[in-house]
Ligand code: PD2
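Single chain ahead, by itself, as C-alpha cells, in the form predicted alone.
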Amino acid sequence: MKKQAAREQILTSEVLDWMAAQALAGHSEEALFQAMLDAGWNHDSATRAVQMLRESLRVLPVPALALPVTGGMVDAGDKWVQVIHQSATPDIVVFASLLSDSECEALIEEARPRLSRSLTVDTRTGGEELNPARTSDGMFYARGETEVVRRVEARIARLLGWPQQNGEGLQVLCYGPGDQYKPHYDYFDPVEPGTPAILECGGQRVATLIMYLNEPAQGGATVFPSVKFNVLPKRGNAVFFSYPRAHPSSLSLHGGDPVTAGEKWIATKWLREREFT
C-alpha cells in the first residue's frame, strides 16, 4: 500500500479490495492494521477500515436449493420444477418452468399500468437514484399482494428453504430495445456511508432469483462475467444465485445484456439475511 497523506483518510472500494485480497491470502487483521498505520493512516481511520473489511468478508448464511433433486426435478409444493443447471462457485441454479404461462402473464398485466423508470439503491445516502447503467421500467409488488404473488413467493420459499418474510417484494421489470443493466453486484457495499441505514430493514441481500416472464425476440441474456456463464431468457424459467460475502470474491457479478429486438419482462426476488421490513 502506498504511503498516503493524513488528509486522505478516505476508505474507498479500491482500498477495501486490496485489504480483502491480503486477508484472503492469509494476512491477519492485526497485520493489515499495522500496514495501514505504516502507510500513513491515522488510528481511527485504520480501525474503521478493518471493521469494514470484517463486514465485507463476513460469511453469511444464504438460501440454497433445499429439496432433493430426483431425475432432474424438485417438488416445489404445488408443482414439480426442473433443474437444468447447477454450479457451486458461485452457487447458480437454473430452473425450467418455475412459473406457468398464466402466472407470467398475470404478473405482467397487473404490473404494466404501474411501471415507471427503474431506480437503484443509492448506498451513498441510503435512498434511491436514477442510474444510467440500468435502463428499464419497473414496479414493486408488496409481499403477498396478489394471489399469484403469494403462490410464487410460497414456491420460492420452499425451493430455497428461506422464509418468505426474508424476501423483498417482487419487482417486475420491462426492458425495451436497447435497454440493459450493466454488470453489477446486488449486495450493499459495506464501504458506502448509506449502507448501515439500508441494512437496518433486513440486513444484507444474500441471494437473487430472476424469473423470465417472456422471451425477447433477440438479446437480453443474463450474464455472469466472472464465471463466463450466460442464461438466455425463456418464459417461465428462472436463475438463482447467492453471495455469502458482500465482496467481489463472491463472483456474483451479473448483468442484463441489451435487448436488441422486442421486449424482455422479468420478475426479480431479492432475499435478505433476516426479516425484511
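Sequential numbering from 1, following the sequence displayed. As the structure is a computational prediction, the values presented were derived from the model and not from experiment.
If you look for the form predicted in complex with this ligand, you will not find it shown, but the lines that follow are about it.
Candidate from Glu105, Glu168, Asp91, Asp186 lying within 4.5 Å of this ligand in the predicted bound form - any heavy atom: For this set of options, the contacting one is Asp186.
Position in contact with this ligand when the complex is considered in the predicted bound form, options Tyr181, Tyr141, Phe95, Trp162, heavy atoms within 4.5 Å: Comparing distances to this ligand in the predicted bound form, the residue within 4.5 Å is Tyr181.
Trp270: touches this ligand in the predicted bound form, heavy atom cutoff 4.5 angstroms: Flag for Trp270 set to yes.
Ser242, heavy atom within 4.5 angstroms of this ligand in the predicted bound form: No, Ser242 sits far enough from this ligand in the predicted bound form that none of its heavy atoms falls within 4.5 Å.
Proximity of Ser56 to this ligand in the predicted bound form, heavy atoms at 4.5 Å: It does not: once this ligand is placed as it appears in the predicted bound form, Ser56 has no heavy atom within 4.5 Å of it.
This ligand contact in the predicted bound form: Ser250, any heavy atom under 4.5 Å: No.
Partner contacts for 248-277, taking this ligand in the predicted bound form and a 4.5 Å heavy atom cut-off: The stretch touches the partner through His254, Gly255, Gly256, Lys264, Ile266, Thr268, Trp270.
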